[in-house]
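Heads up, the chain below is alone and in the form predicted on its own; it's given as structure tokens.
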């Protein structure tokens, strides 16, 4: 191709394969093939540098030049805005109009979330007449003083964060439910961390104020201590007393939501580019895939060709949250649709394409990209690479989730970590609490690109699986200064790669035998994984590690063996530890360069 026929493209120092494809209006698959031909294995979301991008697009008829940097317009390296906000930035600002706020209710498990949802539903006659249909769509709308409010019917902060981890931040406002007779609990603080990580305004519903032992003032002081200073204490958090059981205060709560929405730019262009998110999906034997979704910008019409994640199809039928058939749906409207080829996942973003052919092509590209990504190495955010990411301009802070064995440990850890870093690269503690590391902690880290740090705590099995699946870095310590020292080194780029602990199996001690020559031997049953003779071992008692060392002996039916698998009995000796007890859990692990 002659130089005259080439098109000039401005490129930043680094960008993803997807972004490069969009700049030259080419298929990501063609770009991936071209990269492979040049010896570069990359998936659709992988970052490539300017020089690589320039070589690749040159072979496709384009020339590259460095993108002009406008220093004053340089964005902060914060969490990427949700897709609908990015879409709004491209819309004509004069065409944007207010849309109904989308609200999620979070809080401690026993503080009355479900009762409050029921009380809110009962304020809307039409919703009450619908009789349970809302449960199938996962969202519903109520009217307060001629203003629509959309409520997401999520089971809790785990689902809330799982959707955000997939890029679908659909919530505009969070109602945090706190019981007036119980106050701020660990799950309250956890829910608060999820809401703050999502960067959405919070309204507090102070529930159960009708109970004789309710103490609203005490709870308000507790809220102040976690950074939610009530408006009547001189703060900016609306705290509304309610009784879900007696249906009192609900109108005041809805009014607080409307006021918060008015102070927040919750806008959309009904005539603009359609964007939305899948709330949930299920397979009906007669009707096929049924997807519930929420429109965030534009208007969805019956007959539109839709792409949602790796699913596509033409909308054959569309229903509102009452279950009534409709032909179109605007911003903040929850709907269910029929016509998709496959089941999309909750959190998948949706878009409308001109034809089914283009929809099939896009979903094929996404499936190939997902397959390529699954085959390639997935590198999570880790302490070792945070400084390199900072130098590359990708991060401005080290986000941490801290779990410790008690408040006596947690407070000095937080104090020490907050003193580290510089103005350019700070420590941001998203959530700090006592207790073992749970799946919820991992999901919050996944959605926020954070690292989980534990002190003298264990990691639940479900949390371990989630960390592996989501690519979340989890680091465990039993000495505070080592924890803070590692973080300090990470912030200055001096941290050496850590030895990664990989758990291979767990056994339960059912009996203890005292052998004269060798000491105590634990008679065990392997509960999961496998025990290996050359592995390391932890002795866990009542959730605490009481010893960590080496396996001294491993026997099965009086025979020395190299390994014992799940479901089999075995005898285990622990080197330099002679206090084994019935009920102990033996955790076998190996150390790998991580």
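Residue numbers count along the first chain shown, from 1. The structure displayed is predicted, hence computed values, not measured ones.
Another form, the form predicted together with a small molecule, is not on view; read the next lines as being about it.
- Shown alone here, residue 110 lies within 4.5 Å of the small molecule in the predicted bound form, counting heavy atoms only.
- At a distance threshold of 4.5 angstroms between non-hydrogen atoms, residue 198 is out of contact with the small molecule in the predicted bound form.
- In the predicted bound form, none of the heavy atoms of residue 514 sits within 4.5 Å of a heavy atom of the small molecule.
- Residue contact with the small molecule in the predicted bound form: residue 510 places no heavy atom within 4.5 Å of it.
- Site annotation in the predicted bound form: the residue of 222, 341, 115, 292 reaching within 4.5 Å of the small molecule with a heavy atom is 115.
- The single contact residue among 312, 208, 99, 194, judged by any heavy atom lying within 4.5 Å of the small molecule in the predicted bound form, is 208.
- Residues within 4.5 angstroms of the small molecule in the predicted bound form, judged by any non-hydrogen atom, belong to 236-244 and to none of the other stretches in 317-325, 519-527, 262-270, 236-244.
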